[in-house]
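Encoded as structure tokens, the following chain is the form predicted on its own, with no partner shown.
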């Protein structure tokens, strides 16, 4: 499986013949083209058209993050698997209100049930989460009866409001209290980790969409409008609880990321480079962790699960098999 490259240093990305390298204050480091699927850029990096031409040929995506760790955009090379037929099917399911609502409900159903699974995991470890689980389950019962995407998103917002309250119970760490959800800028350490992790999740799903026939611009839960990408946001909802949130619980409960790993800035709280690297190491480790897949009977990584989810969506759009979201069992 091809790998992701993470660049934190300032420097320049270059092409030399049929190779790529990054040149910074620590010298030149070559990037294995054949084994790289995406480059995540956090530092101040310059590049030129010749470099972009080569990574387009090599089908490598660039994702850019600003100083604060927020995702700012991607260089999404010309799609090599694009399909006019699939774009028409995606548009057909978006323009039909019932078909769009069905998919949006399924994405929220997946997110809700995976959230509940995470909570039950910690409830079984003596965390007092009974009231929160009860409230979330009552909201979850409303998903299939929604009549519009806006109504559905309101329910999803309420579920997440209860869910984020559970973080204080699970973590029991005064340096990482939730308070309220805040973003751009996050106002406390826990919100900073949530925002940083979600940004990583959105780019990972976008990179996986690039390897399918799907167009990332057409989503169903998140409106298809002037936003460049929306399908990655939809699919990410299913996986954020079982990937990002579990990474957060891990790095905080193991004391890997501490209060000192944040800088208080006028723009909000910023995760320092050391904290970003630790979080990404745990995130990459989670993506490469394998589980036994119930349907196909083989071990697959979490990253592969995301791709399989996209293939299921393709089959639904082609009316070969109804889409059902991935539900964690642990």
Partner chain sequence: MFIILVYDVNEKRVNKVLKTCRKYLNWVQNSVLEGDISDANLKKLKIELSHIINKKEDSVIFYLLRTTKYSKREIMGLEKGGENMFI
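Residue numbers count along the first chain shown, from 1. Quantities reported herein were computed from a predicted structural model and do not represent experimental measurements.
The same protein has a further form, the form predicted in complex with its partner chain, not shown here; the description that follows concerns it.
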Q) residue 327 near its partner chain in the model of the complex, any heavy atom under 4.5 Å? A) no
Q. Any of the heavy atoms of residue 67 lying within 4.5 Å of its partner chain in the model of the complex?
A. no
Q. Applying a 4.5 Å heavy atom distance criterion, does residue 270 contact its partner chain in the model of the complex?
A. no
Q | in the model of the complex, residue 323 touching its partner chain (heavy atom, 4.5 Å) | A | no
Q: Report the stretch among 34-42, 57-65, 301-309, 257-265 that approaches its partner chain in the model of the complex to within 4.5 Å, counting heavy atoms only.
A: 34-42
Q.
At 4.5 Å by heavy atoms, is each residue in 4, 9 and 281 next to its partner chain in the model of the complex?
A. yes
Q: Can you tell me which bits of 16-47 touch its partner chain in the model of the complex, meaning any heavy atom within 4.5 Å?
A: 17, 18, 19, 22, 29, 30, 31, 32, 33, 34, 35
